[in-house]
Ligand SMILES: Cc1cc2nc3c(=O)[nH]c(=O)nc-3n(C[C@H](O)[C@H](O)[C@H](O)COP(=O)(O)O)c2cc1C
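In the form predicted on its own, a lone chain appears below as C-alpha cells.
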Amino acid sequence: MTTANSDAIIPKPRHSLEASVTEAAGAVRAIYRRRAVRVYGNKPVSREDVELLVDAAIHAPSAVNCQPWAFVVVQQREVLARYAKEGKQLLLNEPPVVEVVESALPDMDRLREMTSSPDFELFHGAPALVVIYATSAEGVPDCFLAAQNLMLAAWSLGLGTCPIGLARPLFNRADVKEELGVSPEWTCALPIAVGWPDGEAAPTSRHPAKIVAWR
C-alpha cells in the first residue's frame, strides 16, 4: 500500500481516546506522548502496518524534494538475533566509529559497561527493525525527519519504537550492506526497533528550551 501520493489513506487511530480528538490535537498528542520503548511483546508486526509506517516516513519533507531515503525491513527472528549479537560485539570489541563518537551519546566506557551485560539486547527484543538509509551524502538529516514521521505514526497505531543509534556502525559495514542488497554508497541514517509495547514506557523529563535569541 506504500504510495508517494499525498492523497494516501490516512490511518485512523486504533485506541478510542485518540479517535475522539481532532487531527491537529491528535498530532500534538503524538508528539508529547511518544516514548522510546525498550520492552516488547511477542506479537509480530503485520506487513500492512510496516508498509503504513514507511508510507508515513516518505511523506516527510526533504531538501528540494529529493527524497533521499531507502528502507530495509528485518522481521526474521533469527536474522534480528544475529544482527543484535554482531552489533553488540562490534561495539564492545572495536574502536568506536565516527557515528558513535559524534552522536552525543555517553562516553564509550559507560556504553561498553551497559552493553556488556548478558541481558543487554541491541534491539530490545523488538519483532521488527526498520533501517533507514540515506541515498545521498547530504540526505541524512532528511532521513531523520522521515524517522520522526515513522515513530509518530507508529504511536498512533499503538506500536512502540526505539531509535537504535548504536546499530548504525553495523548497518554501515560493507558485508551487511551486501547481504541486504544495499548500495555501498548509501549511509545508514537510523535503525528503528518496532513492536507492540509490553507495558507502558515511563515519560522522561525535558530541560527547558534554550532560546538564545529572539529578535
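Note that this is a predicted model, so its numbers are computed, not measured. A residue's number is simply how far along the shown sequence it sits, counting from 1.
This next part talks about the form predicted together with the ligand, which is not shown.
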item	value
Options 33-41, 177-185, 52-60, 152-160; stretch whose heavy atom lies within 4.5 Å of the ligand in the model of the complex	33-41
is_contact(Pro169, the ligand) in the model of the complex, heavy atom dist at most 4.5 Å	no
4.5 angstroms heavy atom contact with the ligand in the model of the complex for Phe144	yes
4.5 Å heavy atom contact, Arg206 to the ligand in the model of the complex	yes
Contact flag, Val45 vs the ligand in the model of the complex, heavy atom cut 4.5 Å	no
Those residues of 189-203 which, in the model of the complex, come within 4.5 Å of the ligand by heavy atom	Leu190
